[in-house]
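Below, in structure tokens: the form predicted alone, a single chain.
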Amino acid sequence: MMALRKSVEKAAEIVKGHTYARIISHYDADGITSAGIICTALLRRGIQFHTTIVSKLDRAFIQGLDEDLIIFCDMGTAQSDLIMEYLNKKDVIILDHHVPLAAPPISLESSAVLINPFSSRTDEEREMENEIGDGICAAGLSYLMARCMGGDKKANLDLAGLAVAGTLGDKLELTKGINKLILDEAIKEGVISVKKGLKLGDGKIRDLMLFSTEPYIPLAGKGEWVDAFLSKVGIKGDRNVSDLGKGEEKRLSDALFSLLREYNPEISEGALVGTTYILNSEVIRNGLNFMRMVDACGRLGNSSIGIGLCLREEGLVEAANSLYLTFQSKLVSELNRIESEKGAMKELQNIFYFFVHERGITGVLAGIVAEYLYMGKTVVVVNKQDRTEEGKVAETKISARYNKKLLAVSKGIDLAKAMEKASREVGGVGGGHPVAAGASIPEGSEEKFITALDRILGEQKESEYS
């Protein structure tokens, strides 16, 4: 905790000494909200900037950076050796929460500043920060730095909504650790409000059910089934969910939960009903809606619209919503295919895996399948549709997810390490978190990678009991 605070304070002071910054961030909700927080904080100090949203960092990209101040958001820890090799004469700040697979070559005395809760220097600090490490996302870390950059105690406090949206995007707890401190202060100052109810987002009930993937409702994509369900419950689908009375919302949630239990007896009511976060300072107030639209913008290659939402450009809301509906349509199409197409899902001893047909949805799709459909093993999604720029070697994107409930029986599983090792065996790169990780591998090496990953996960299970 102390090392994290010192890193944040040091980074804030470095930023104040510059008039221009280059911001590099990841393309998902956490990455884009992180960049949005930093952009706003820089604007308020009169510091100019150039923001680039990317899917990964590689040697060529890092080598090409030439600005005096470079800020990496939601990435950079795994590439810290390259950063130190090519940018050692620059002021570099890394705001990242991914687990280092090796000791990063960056210390508090370095010209670069690594703000990562997993990078504490002592065993005592490491134990303490690992407890919160998978609880705070890059947007939360960016928010802490933005608060230090301000001129008074409440400076940039209104950006807490973006930190909450990033946390929701990475599906992390808001009720403990640093996240709780951020949330409690924001609620006290009126930046965020909370209410209890359905966790479907805000909008017309029929539309929400047709596109619901978090939680995944088995009626998604099936209009006639949704209409029949709502008719049976006695609720009109063209009504807005926020307009329902308490009794109506309870009737709808009870019926939906009963339906979910038919497909997944182990699902908890908390997947459907719980706390909704209202972001009072943002152009989209419902926290889930905001997060989902920002995430869809990034994943569909329109990250500038996502950044615009974070900068409170109301004129971009319609375009962001259109991208979100496109994204959800892709997800629902794939989920329906997995359920109906024989042989779409393949199984090995330690994994379920399938080849995705749609573009831009790999990681999110893997999480949904692992959470709601195939919960007994690691779920791996192979994407041969997304390609790198023309002239570069074609790559296949891989996403792996592990249902968190399985950790109770298989604590030895670490997808970050498994994906890194398997991808390295085929000449690719990989990493992430213990329950959610990704990789990029050369085209044509997919089956070899899958075999290696299955073997490595089996070895992790065996080592747990040895």
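None of the values given here were measured: they were computed from a predicted structure. Note that residue numbering begins at 1 and tracks the sequence as displayed.
Keep in mind the form predicted in complex with a small molecule is missing from the figure; the text below concerns it.
Here the chain stands alone, but in the model of the complex its contact with the small molecule, taken as any heavy atom within 4.5 Å, falls in 422 to 430 among 45 to 53, 59 to 67, 422 to 430, 32 to 40.
Think of it this way: in the model of the complex, the small molecule has a heavy atom of just one of 287, 363, 169, 104 within 4.5 Å, and the residue is 363. Interface membership of residue 437, defined by any non-hydrogen atom within 4.5 Å of the small molecule in the model of the complex, is confirmed. At the 4.5 Å threshold, heavy atoms of residue 27 reach the small molecule in the model of the complex. Contact annotation: residue 98 falls within 4.5 Å of the small molecule in the model of the complex, judged by heavy atom distances. With a 4.5 Å cutoff on heavy atoms, residue 147 does not count as touching the small molecule in the model of the complex; it lies far away. Contact with the small molecule in the model of the complex holds for all three of 299, 397 and 401, each having a heavy atom within 4.5 Å.
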